[in-house]
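Given as structure tokens, the chain that follows is alone and in the form predicted alone.
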């Protein structure tokens, strides 16, 4: 480690990062990234690392795009900011129209936010607004999944269902109700796929009936539960849940913060992959490929027509942000979508995504690999020393060992406890996928050997 890196780490330890362990403040030894190029990033000592998480599900067009930097520069020099309250800008208006053109069904209205968390928060506030205008103020209940993730605002964090994120913080527990994640790993061995689907759908209907249909306002669901470990619901699940929402006068919010803008091979996955036209869609991350922070909520014509019919013409949706529709972010979004279409990155994600899934599954022969799953360019390799034991401390240790070995070998994975989660840039090639999978195999096998050598685990 160079003195430069050591100094940067000392300075870094003066700050609190997201999800920081307070007990370890001042002791972190984070990798310091200095630059990026395509699917690779380079640390402060010059080591090249394949960026398997694409930052955090977001750098879809890859790092170091000069034309993106140029359009951001040009927009800053032309107009760096304008208030979104009483004014608009060309980039915001143009990007809004482009998003609506790509969206499924009648989702022709776009509300810009600053990120995924504020997109989810704004969508949930819109649901409350919608029911208040309709004269149904009692319909405020939110149903979401355990293991789902929907952001860090108060409402977004409340709707999230990841148990480890619930320590020492307060949440809107009176509004939010969780149902089990539709995780195929939880299927009883005696169950058929059809029976498991029925069970998952029944979990939602039972929760609606327990809470009371008159009190339930919205079902929030990621098409693929991303940060929960790339959980792929059984086929037909989302369509069946949408039917229940219609039956009980609830809205369906599809949280596409991760899956939109190419991650599953389409601009939006809700209809193209899962066959549904939700009432609301949230997006961020791939919206600008992470070059500039931005999020958005897509709202269907149907909801706005209902509001007008209920006398909502005079109602004000008093929600927004200083940086809603920021012209620089919007300009970046326009360029991002242009690059994706020009270079056929959605098509590449479909083709290369199939190869990615095939190659990940070759890791199933490693004794500690308990599951490999994914869709498109989203994948998860789950590892356990004692399968089914649920030893959290051991799982964390194993995940950290794999992460350490992979970084030493030139690969960044995102360790979520004992799960190696990957979502590479859409520009990735088959050769680069081979490189990624080979390094991951070596990292997992070295971590397994560590545990054998230290007497932590014995192969059967």
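Positions refer to the first chain, counted from 1. Computed from a predicted model, the values in this text were never measured in an experiment.
One more form of this protein exists, namely the form predicted together with a small molecule; it is left out here, but the text below deals with it.
When the small molecule is considered in the predicted bound form, only one residue from 159, 120, 330, 260 comes within 4.5 Å through any heavy atom, namely 120. Think of it this way: in the predicted bound form, the small molecule has a heavy atom of just one of 233, 229, 151, 376 within 4.5 Å, and the residue is 151.
In the predicted bound form, every residue of the candidate spot (116, 255 and 285) has a heavy atom lying within 4.5 Å of the small molecule. Figure note: of the listed segments 169-177, 219-227, 198-206, 69-77, the one touching the small molecule in the predicted bound form, with heavy atoms no more than 4.5 Å away, is 219-227.
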